[in-house]
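Here you get one chain, nothing else, as structure tokens; it is the form predicted on its own.
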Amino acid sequence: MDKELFPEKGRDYEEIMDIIEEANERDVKFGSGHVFGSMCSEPLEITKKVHSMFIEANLGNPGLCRGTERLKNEVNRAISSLINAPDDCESLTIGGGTEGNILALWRARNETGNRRVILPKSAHFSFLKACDILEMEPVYLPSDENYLPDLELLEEMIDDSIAAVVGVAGTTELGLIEPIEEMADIVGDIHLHVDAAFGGLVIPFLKELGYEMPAYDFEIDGVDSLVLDPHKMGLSTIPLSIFYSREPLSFSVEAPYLSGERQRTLRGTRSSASISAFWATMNFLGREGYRQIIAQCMENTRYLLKELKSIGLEPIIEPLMNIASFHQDNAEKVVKEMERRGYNISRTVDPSGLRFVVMPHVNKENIDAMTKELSRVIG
């Protein structure tokens, strides 16, 4: 072990900051115009400022954070109006969509005693973590020719051993909204969880902009729980997700030495500055501001589509939201070569392709520069 990494005496402030600044410069920044593979973006200045003001907030001990608790409650109620959540819907601010997906399966397992969960082929890898932790068995539902869950096969897979079924609103690879309403009709009383980590703060504003969007949220009676991530298109600081449950949550543990008495989140100590930061962002932008941002993202997505078609790439689907993916047999090789050239893009696995997330930090000039580089790579 290298003891020099934990110095006996404190180092000089200027020396420390020089090292920190060098490390910071090595990180690829959203503002560089080179990040096309991330579902997060640069927070607003007000967001960063408010986050720093609440850096010691810990809602694991809410009695010490009464102001943060009030802002959290307002955030949760405000977002519930976007997803048609009933007034008595329970909500938890958590540290990411992964935690929300674990909570959904935890609840389903405890309430049913079953350990099998039906996952669409598009399901995020976090469900594998959840199944491993909870000792549940993932059963994958194949996709149809439109890359959506095969509903006929779903009907065949439903039996008394199933604890939960998962649907996705804003799939990671293609940005699709799965047929949640039809899935709800098929699964009946079985717990139906919606992973809307990305789509939850895109779809409502697309609807307000006049886009036709399928139902995906608590508007559907069969939806039991839903998770969404304000640290994605909500432009909050990382990490922040919100988990909603139609029914009272059945899991909690006593925390007798803390002011909250009981805890229902996976984390005890919870960095809570992002909650206040998102409250500030939400109130600074308003619904109108989010509509403008998402309208711009969609315009830039259409521009990206046109530019990449011009260099011979064909979209896997016509983008439904600000995620665009293109057929490419050598996707992994292309992604690595673009990374070597300083560009972060992503890939799809099935089918093999290149994936671009057109977040608020992406503009047409960035797209032009990236397209020029990509055209050299794919020949």
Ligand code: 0PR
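All values derive from a computational prediction rather than experimental measurement. Start at 1 with the first residue shown and count on from there.
The form predicted in complex with this ligand exists for this protein as well; it is not shown, and the discussion that follows is about that form.
Per the 4.5 Å heavy atom criterion, this ligand in the model of the complex is contacted by stretch 123 to 131, the sole one of 123 to 131, 218 to 226, 143 to 151, 301 to 309.
By the criterion of a heavy atom within 4.5 Å, residue 200 is excluded from the residues contacting this ligand in the model of the complex.
For residue 232, a non-hydrogen atom is located within 4.5 Å of this ligand in the model of the complex, even though that partner is not displayed. Although the partner is absent here, residue 335 is not a contact residue: none of its heavy atoms lies within 4.5 angstroms of this ligand in the model of the complex. At a distance threshold of 4.5 angstroms between non-hydrogen atoms, residue 38 is in contact with this ligand in the model of the complex. With the partner omitted here, the residue from 272, 237, 172, 245 that has a non-hydrogen atom within 4.5 angstroms of this ligand in the model of the complex is 172. Checking 138, 96, 289, 179 against this ligand in the model of the complex, a heavy atom within 4.5 Å turns up for just one residue: 96.
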